[in-house]
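A single chain comes next, written as structure tokens; it is the form predicted alone.
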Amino acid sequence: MSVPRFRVVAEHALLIDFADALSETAHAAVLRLDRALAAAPPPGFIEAVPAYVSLLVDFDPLMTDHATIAAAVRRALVQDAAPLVAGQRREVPVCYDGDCQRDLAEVAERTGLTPEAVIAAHLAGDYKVFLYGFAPGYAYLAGVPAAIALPRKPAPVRAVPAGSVIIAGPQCLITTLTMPTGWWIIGRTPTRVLTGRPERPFLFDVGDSVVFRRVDRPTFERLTREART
């Protein structure tokens, strides 16, 4: 991993980059810095937002400035860091039947696999929550097996329902809103990532691992009804 790079973002933030490509080592450095700043926030610190290989540090420009925050970050980087605590293991049921998986056949065709082999590959992925972004509750999971890691579609499709399990490249996520997407829709889950609870708005934490468990259509429909009650 290279020496972190510091980039000014507007008048109120600093971006610290640890690598140019997805890396477990770089992401671990992001999480260590995030936790160090949370444990001992410098004056004017508002929040830190972790991503795959970078951390955005937001601050109050009326209380501090980029140089002061950069100095605080450098001090945090050289301190002895506590070992990272593993996140929770989250099990997510997913249905790959019927209209839950509108792109499964095309993913199979493009990868040279059977639909069942695509499902097996997806279930075998080693998924971890790396960041939230783009839309409320969009938890980006890395860990899609290379055998089914397709680039995005040439054009997005509209009205993709919430709860869709979608993949693109090495990434997977569960949609939380009905929105367009250019990712491949291979299943649907009754799991709600948006909890509706102000004290804990998102189900997952960055660093959690996610295991997908296959369920049939009747089980999916039952779990969906239960999630609504």
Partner chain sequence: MSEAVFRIVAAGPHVSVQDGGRPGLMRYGVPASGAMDRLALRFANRALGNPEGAAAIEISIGGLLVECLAGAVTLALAGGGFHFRHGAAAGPIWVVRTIRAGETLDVRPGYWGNWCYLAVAGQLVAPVWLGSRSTHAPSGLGGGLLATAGEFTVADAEVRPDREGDLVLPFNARPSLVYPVVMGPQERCFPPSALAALLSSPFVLTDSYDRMGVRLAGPTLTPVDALAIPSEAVVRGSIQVGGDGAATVLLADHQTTGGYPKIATLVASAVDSFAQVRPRAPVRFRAIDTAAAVRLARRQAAVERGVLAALDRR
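What you see is a predicted model, and the numbers here were worked out from it, not measured in a lab. Positions refer to the first chain, counted from 1.
Note that the form predicted in complex with the partner chain isn't included here; everything after this is about it.
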Check: Just one of P201, P170, P41, G182 has a heavy atom within 4.5 Å of the partner chain in the predicted bound form. Which one?
Finding: P201
Next item on the list: Name the residue from A70, A51, A162, A28 that puts a heavy atom within 4.5 Å of the partner chain in the predicted bound form.
Entry: A51
Notebook entry, point to check: With the partner left out here, if you bring back the partner chain in the predicted bound form, are H122, A149 and D208 all within 4.5 Å of it by some heavy atom?
Noted result: no
Notebook entry, point to check: Does the partner chain get within 4.5 angstroms of any non-hydrogen atom of R7 in the predicted bound form?
Noted result: yes
Note to self: I'd like to know whether G112 contacts the partner chain in the predicted bound form, with contact meaning heavy atoms within 4.5 angstroms.
What the structure shows: no
Note to self: in the predicted bound form, is there a heavy atom of the partner chain that lies within 4.5 Å of any heavy atom of R217, even though the partner is absent here?
What the structure shows: no
Check: Looking in the predicted bound form, any heavy atom of E24 within 4.5 Å of the partner chain?
Finding: no
Next item on the list: Spot the stretch among 134-142, 154-162, 88-96, 103-111 with residues whose non-hydrogen atoms come within 4.5 Å of the partner chain in the predicted bound form.
Entry: 134-142
Notebook entry, point to check: Across 10-42, which residues bring a heavy atom to within 4.5 Å of the partner chain in the predicted bound form?
Noted result: A10, E11, H12, L15, D17, D20, A21, L22, D34
